[in-house]
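A lone chain, given as structure tokens: the form predicted on its own.
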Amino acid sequence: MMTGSGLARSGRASTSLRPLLPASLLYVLFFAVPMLCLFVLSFWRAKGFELIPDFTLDNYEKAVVSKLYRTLLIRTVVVGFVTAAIVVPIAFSLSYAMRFVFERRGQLILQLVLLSLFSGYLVRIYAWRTILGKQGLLNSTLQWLGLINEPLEFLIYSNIAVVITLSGLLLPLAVLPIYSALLNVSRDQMEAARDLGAGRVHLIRTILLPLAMPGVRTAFAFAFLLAAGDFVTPSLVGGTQSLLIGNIIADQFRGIGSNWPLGAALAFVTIAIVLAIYLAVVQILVRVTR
């Protein structure tokens, strides 16, 4: 029989969980249920324009065995990782400057950084096409400075163009969590470390990074997972030789010759590989800064 104190604890737990119910219901309705439907679909078969309920692993076998899909998966992981490796250090440096160098003006700079998010995703991609194109801002400036004689063709329709564009698009999203994490770092802690003889590098590695690690992890997740899942940017600035697995998955859900079960299987294989790499990198980051 539950005692009076047990009933009281149960009542408090029920009351404390009640605010989570709306968010939990929305999560189940708009994320868990669609993902479950997609997972079930990945075991079906497609015949012509008809989807046939089944339980076959053929779609997962094609996703793993096919040389084309393996190549695209590897390219996707590399592009996502390189993008994150570029974005996170820049975001950390910018956040550090806003928090400890500019101080009161940091909030204003943060708002200016986030201002780009108010423009549409496609608008920002086309802006980067304008910058990176053969006759774009970057090539024109380099030619005007006399640093190059001809436009650098690899700046557009290449993997480099995809990484640069994704880095520019995702940088504001990476700045926000790191800056929020650095707000919790006390200036007294840093001054105490300096008084004990800690240099700038030692200070960042042993004080700032461990305290800001939740923000760094979130920034890495934004940069890596969103870059690996993007298919619009590669199609607009990458060209046919720089397509990622997201482009193939999107093609499986539209147009003639589409194969929804295969697209669903490719999506889950991609999710599994990207999540495994993300968790491995996060573990390495935690051990390095411990």
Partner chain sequence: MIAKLRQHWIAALFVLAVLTYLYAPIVVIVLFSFTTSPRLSMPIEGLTLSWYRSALDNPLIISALTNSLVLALISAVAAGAMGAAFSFGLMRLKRPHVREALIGASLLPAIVPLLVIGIALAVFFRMLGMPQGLVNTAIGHLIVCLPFVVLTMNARLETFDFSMLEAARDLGASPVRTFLDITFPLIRPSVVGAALLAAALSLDEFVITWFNIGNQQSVPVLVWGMMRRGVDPSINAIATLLLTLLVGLVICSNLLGRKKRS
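Numbering follows the first chain given and starts at 1. Treat the numbers as computed from the prediction; the structure is a model and nothing was measured.
Quick note: we don't show the form predicted together with its partner chain, though the next part is all about it.
- Checked against its partner chain in the model of the complex, the residues Ala198, Leu209, Ile131, Leu152 give one hit for a heavy atom within 4.5 Å, which is Ile131.
- Judged against its partner chain in the model of the complex with a 4.5 angstroms heavy atom cut-off, the residues Ser16, Leu20 and Leu236 are in contact without exception.
- Contact annotation for Ser140: at least one heavy atom lies within 4.5 Å of its partner chain in the model of the complex.
- The closest heavy atom approach of Leu51 to its partner chain in the model of the complex falls within 4.5 Å.
- Using a 4.5 angstroms limit between non-hydrogen atoms, Phe55 is distant from its partner chain in the model of the complex.
- Put simply, Leu41 is close to its partner chain in the model of the complex: some heavy atom of it is within 4.5 Å.
- Partner contact region in the model of the complex: 107 to 115, out of 201 to 209, 107 to 115, 69 to 77, 178 to 186, criterion any non-hydrogen atom within 4.5 Å of its partner chain.
- In the model of the complex, its partner chain lies within 4.5 angstroms of at least one heavy atom of each of the following residues of 119 to 151: Ser119, Gly120, Tyr121, Leu122, Val123, Arg124, Tyr126, Ala127, Trp128, Arg129, Thr130, Ile131, Gln135, Gly136, Leu137, Ser140, Thr141, Trp144, in sequence order.
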